[in-house]
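Below you will find one chain, with nothing else, as C-alpha cells; this is the form predicted on its own, and questions on how it binds or moves follow later.
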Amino acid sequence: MATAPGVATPEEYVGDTLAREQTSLWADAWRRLRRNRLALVSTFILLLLVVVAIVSAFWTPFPIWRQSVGPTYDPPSLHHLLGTDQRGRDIFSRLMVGAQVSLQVGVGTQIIVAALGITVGLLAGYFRGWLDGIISTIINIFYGIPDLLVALILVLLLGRGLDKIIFAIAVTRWMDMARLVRGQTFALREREFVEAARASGTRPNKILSRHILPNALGPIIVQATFGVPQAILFEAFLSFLGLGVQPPTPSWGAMAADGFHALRIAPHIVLVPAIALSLTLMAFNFLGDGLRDALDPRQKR
C-alpha cells in the first residue's frame, strides 16, 4: 500500500525510533561508565598493555631468543629492569612479547566466539522450533564435555601454533555466547518494534541484523569482555603445562613455568609474569563489571 508523500513507512518509523533509543542508551552508558573509577583505571591499564604489545612487535630492549645477555637469575637492575631468567634472557623483553601473545589469544578467541555464538544464538532464538531444539542439544553436549579435555585433544591433534591454540580455546567457549544471544533474541522477538517490522514485511535476516542484534549488543559486549580474560588464563594454563605456544615465543604462563623450579633463589622469574597476568585479568574483569552496570537500562544513577 502506497504512503502519502512525506509520510514515513512503518519500517522507516521503527528504524528512526530505534536509532534515537540507541543513541540515548549509548550516551547514557558512557556517562555512567565515566563515573566508575575502577573501570576507568582498568581501561588505562588495558590501553597501556595494547601499546606495549604494539611496541614489542617492532622493538624490545633485547632479542627475546638471545641467551646470556646478562648473568643467570640476575635480579632487577638498571641494565635489566625485571632481571634475567635461568638462561640469562631479559625478562622485560619477554614480558613485552608475552603481552602481545596474550592479547592475540584473548581478542582472537572472542572474534571466533562472537562470530559463531551470535550466529547460532540468533537463529535458535528467532526461528525456534526444531532448529532451536537441535542447537540447544549441541550446546548441552558441549557443556557436558570438560573444557580442558577438549582443548588438550585439539592442541595435541592440531599442534601448538598460536592460531591452533586460539581455535581450540574458542571451541570450548562459544556456548556461553550462543546461549546469551539466544535468550536475548527470545525476549526481543516479541517486542513491539520487531512485531511492527515483521508486519511491514521485513525479511527475517533484516530483522535480525537491524532490530534484534543492535538491541542485544550491550550484553554481547559485556560477555566478550569477560571472555577475554578467560581465554588468556586458559592459554597461560596450557603454556604452564608445556602445551602453549612454541619456543622461543614467550608466554606469561610458560615464563612462570620456566622459573617455578627456581622460585626460592629467583622468585622474580615467576612473580613478574604472574603479576602481569593478574593485573590483566583484573583489568578486564573490572571493565566488564563497569560495562555491565553502564549498559543496564535499569540503572538510573
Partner chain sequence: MLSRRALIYLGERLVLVAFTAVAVSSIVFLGVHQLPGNAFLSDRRIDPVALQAIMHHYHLDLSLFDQYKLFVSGILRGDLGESLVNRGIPITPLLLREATVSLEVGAAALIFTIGLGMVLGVIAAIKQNSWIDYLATATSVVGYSMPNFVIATVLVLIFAVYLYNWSGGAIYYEIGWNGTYGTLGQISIPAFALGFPYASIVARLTRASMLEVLRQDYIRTAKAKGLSDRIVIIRHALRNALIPVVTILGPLTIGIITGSVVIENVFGIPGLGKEFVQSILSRDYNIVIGVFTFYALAIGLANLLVDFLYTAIDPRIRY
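Residue numbers count along the first chain shown, from 1. None of the values given here were measured: they were computed from a predicted structure.
Beyond what is shown, the protein has a form predicted together with its partner chain; the following relates to that form.
Enquirer: Among 144 to 152, 93 to 101, 111 to 119, 130 to 138, mark the stretch whose residues have heavy atoms within 4.5 Å of its partner chain in the predicted complex.
Expert: Partner-contacting stretch among the options: 144 to 152.
Enquirer: With a cut-off of 4.5 Å between heavy atoms, is residue 291 one of the residues that contacts its partner chain in the predicted complex?
Expert: Judged by the heavy-atom cut-off of 4.5 Å, residue 291 is well away from its partner chain in the predicted complex.
Enquirer: I'd like to know whether residue 237 contacts its partner chain in the predicted complex, with contact meaning heavy atoms within 4.5 angstroms.
Expert: Taking the distances in the predicted complex, the answer for residue 237 is yes, it comes within 4.5 Å of its partner chain.
Enquirer: Residue-level contact is defined here as any heavy atom of the residue lying within 4.5 Å of its partner chain in the predicted complex; does residue 39 satisfy this criterion?
Expert: Although its partner chain is absent here, residue 39 would stay clear of it in the predicted complex, with no heavy atoms inside 4.5 Å.
Enquirer: Is there a heavy atom of residue 225 lying 4.5 Å or less from a heavy atom of its partner chain in the predicted complex?
Expert: Contact check for residue 225: no, nothing within 4.5 Å of its partner chain in the predicted complex.
Enquirer: Can you pick the one in 44, 30, 260, 65 that has a heavy atom within 4.5 Å of its partner chain in the predicted complex?
Expert: Result of the distance check: 260.
Enquirer: Heavy atom within 4.5 Å of its partner chain in the predicted complex: which residues of 263 to 291 meet that condition, in order?
Expert: Read in sequence order, the residues that approach its partner chain (within 4.5 Å, in the predicted complex) are 263, 264, 267, 270, 271, 274, 277, 278, 281, 282, 285, 286, 289.
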